[in-house]
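Listed next as structure tokens is one chain, alone, in the form predicted on its own.
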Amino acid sequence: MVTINGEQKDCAGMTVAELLQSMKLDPARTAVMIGGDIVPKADYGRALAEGDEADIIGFVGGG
């Protein structure tokens, strides 16, 4: 299990990019932290490991 924004999800082994796709989030408008470290977009091919704790923040434009 992986903790995503405080919720347990069965996504160990998925890459960050696959996770974002499954959540219907645009990687260009999303920031991801794993274990308190920001994951550069170039590293979104990184696989999530059992026990990882990730925070995902989506940016929304507005005026």
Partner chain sequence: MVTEAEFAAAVDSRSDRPIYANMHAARIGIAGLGGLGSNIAAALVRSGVGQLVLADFDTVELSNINRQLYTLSHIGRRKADALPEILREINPFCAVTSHALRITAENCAEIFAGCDIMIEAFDDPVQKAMLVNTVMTQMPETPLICGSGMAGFGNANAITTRRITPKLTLCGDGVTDVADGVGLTASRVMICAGHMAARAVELILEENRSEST
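Residue numbers count along the first chain shown, from 1. As the structure is a computational prediction, the values presented were derived from the model and not from experiment.
What follows is about the form predicted in complex with the partner chain, which we do not show.
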For a quick test of understanding: in the predicted complex, does each of K9, K24 and G51 have a heavy atom within 4.5 Å of the partner chain? no
How about A17: is it within 4.5 Å of the partner chain in the predicted complex, going by heavy atoms? no
4.5 Å heavy atom contact, I57 to the partner chain in the predicted complex: yes
Sequence-ordered list of residues in 3-39 near the partner chain in the predicted complex, where near means a heavy atom within 4.5 Å: A28, R29, T30, A31, M33, G36, I38, V39
